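In the form predicted alone, a lone chain appears below as structure tokens.
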């Protein structure tokens, strides 16, 4: 915690970082920090009031990232540095500077970026992380602040404060002590696996596979952006937890001439650059998947494994013909993603088995990804369409993949639609038949996000939009306020 080594032994593994920091006695034990600068707002990773910063080694660098403390579970802090808003003020600890504000705090003061102040600590921490980003990784200001809601100040002063720091190099105690901090974290990393009464943090896939054989009822913690909601929204108690964060092979991306092989614990943010190279439409959609805090922690394997019918990445992976490596003990089997989802929240995984890697072919493709949601960013999909057609020189469709989220109990390919498209010309008659196939094949539910009729009409319209874009027509998007 900042520059202080903390060993936590008497706190339940399903204690959130926010409860640990604030000392909420209803959910945590006697071990807590009484740091109340970090606020509790939505308790679902949506408003950003609870934002803290964690730093962790990436090669020989120390990377600062924002985290939603309200849904992050305590084992996710192992081997990381945790910083809260209390660490920034007077952080140099010299008598003549102890009351000085950190530059990001001073920028908010100078640009009138706080009124009631409830959201301010989280915004400070988001700006702190942005301030410490390397030039090649730095998101834009709106992306960095996209996970922080402000009810009363208004966003212009916050954006102005952030822009005032755009060209400033970090020169604080955290930057000056980065090598010392990195060395401490690497020492923890080298200590291997950690085992407690409620949580296990293995250091290798072999240890993970054996633990799951012995404890098939254990819950797997990767990014925790979905699992944390079970604790805070469903009030579940998790008796056994196994964390993937200390297993390098699950956080690695390999590529060869034929495919990308992505470890299941690779975060959304970590895959952004390589997806930009090979699947730019996929990469653009990731910018709308949660907030920066969520993308820093959430993982590709977790988004597949929770088997949500409205998960954003599975339809795209289905359209790209991805497959999964599933490991059970020493045995590894590969299955197409199209065979993985069985029914609502039911998958092909057997007891004690886990997703090890995701394989994505590097095929020629014309992929387009469309996400419809109530809000543009940081929102659940109403409908997500991933469409990937191949055509020959005569304009005939030679191969079709149309995958939809939010339209069934599982993320699903529109196989009847694909059959009609394959071998047909790219024209209005084919489009009309393909739309009819979608209406025949899908019976979506109605809920607070949309009616069944809307979802069907939207899915068909997105296919029409794809046809227009593929044929070179201009698509005019009209937004009504």
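Residue numbers count along the first chain shown, from 1. It should be emphasised that the depicted structure is a prediction, and the values quoted were computed from it without experimental measurement.
If you look for the form predicted together with a small molecule, you will not find it shown, but the lines that follow are about it.
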| item | value |
| --- | --- |
| 4.5 Å heavy atom contact, residue 251 and the small molecule in the model of the complex | no |
| Heavy atom of residue 226 within 4.5 Å of the small molecule in the model of the complex | yes |
| The small molecule contact in the model of the complex: residue 46, any heavy atom under 4.5 Å | yes |
| Heavy atom of residue 170 within 4.5 Å of the small molecule in the model of the complex | no |
| The unique member of 283, 349, 372, 182 whose heavy atoms fall within 4.5 Å of the small molecule in the model of the complex | 349 |
| Option touching the small molecule, based on a heavy atom within 4.5 Å in the model of the complex, out of 408, 380, 101, 274 | 380 |
| Candidate stretches 302 to 310, 191 to 199, 172 to 180, 274 to 282 - the one whose heavy atoms come within 4.5 Å of the small molecule in the model of the complex | 302 to 310 |
